[in-house]
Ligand SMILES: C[S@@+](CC[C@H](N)C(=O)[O-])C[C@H]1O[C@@H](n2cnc3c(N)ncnc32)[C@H](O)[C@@H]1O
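The chain that follows stands alone, in the form predicted alone, written as structure tokens.
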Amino acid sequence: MENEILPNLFKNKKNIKIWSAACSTGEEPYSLAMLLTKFLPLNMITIIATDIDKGALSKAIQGIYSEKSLENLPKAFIQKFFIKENNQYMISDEIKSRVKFRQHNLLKDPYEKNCDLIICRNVMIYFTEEAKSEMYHKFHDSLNNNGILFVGSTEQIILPHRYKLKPVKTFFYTKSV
């Protein structure tokens, strides 16, 4: 993501639209916002983060995490973007303000449009093949040309051309035009 995907997205435009679908309790979109600070000033970063679970979204909006939740995050990000209180870590308001959370049902609700990067990891495994097919088509339609769909490690898309997607790297797909 850091060394190839994001630099390629930023080659053609400075402001990219990012959707973190099925974001759960927010670790992923917040981590991405932190990573994006290597490429952009904070005020240029906006991530749309959606999930169906109101409880997960409430926790995401609070932005309070255990030390275990942060174990894969670079230490520099923890030092720069978190405040430690007792055994919990609160994400800074500057990062919090860059992620816009809202409820969304991947099976029923309209999808975001004109996305340059869609992250939908570790949720597709819970859907039927028919539902996955429908969602992959909708993700395709949501992407801009050269946009990227990033799926989880257990969710590699078999025969991505069926959904007008082509692999860029393992677990990263772009829109076929």
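Counting begins at 1, following the sequence as shown. Everything numeric in this text was worked out from a predicted model, so none of it was measured.
One more form of this protein, predicted together with this ligand, exists but is not displayed; see below.
* To do: From the candidate stretches 61-69, 34-42, 48-56, 137-145, select the single one in contact with this ligand in the predicted complex, where contact means a heavy atom within 4.5 Å.
  => That would be 48-56.
* To do: Look up in the predicted complex whether residue 22 has a non-hydrogen atom within 4.5 angstroms of this ligand, and give yes or no.
  => Residue-level check for residue 22: yes, a contact with this ligand.
* With a 4.5 Å heavy atom cut-off, would you call residue 90 a contact of this ligand in the predicted complex? -> The answer is no: residue 90 has no heavy atom within 4.5 Å of this ligand.
* Does any heavy atom of residue 78 come within 4.5 Å of a heavy atom of this ligand in the predicted complex? -> Flag for residue 78 set to no.
* residue 73, heavy atom within 4.5 angstroms of this ligand in the predicted complex -> Looking in the predicted complex, residue contacts with this ligand do not include residue 73, since no heavy atom lies within 4.5 Å.
* Asked: Does anything in 57-75 come within 4.5 Å of this ligand in the predicted complex by heavy atoms, and if so which residues, in order?
  -> The stretch 57-75, when checked against this ligand in the predicted complex, contributes no residue at the 4.5 Å heavy-atom cut-off.
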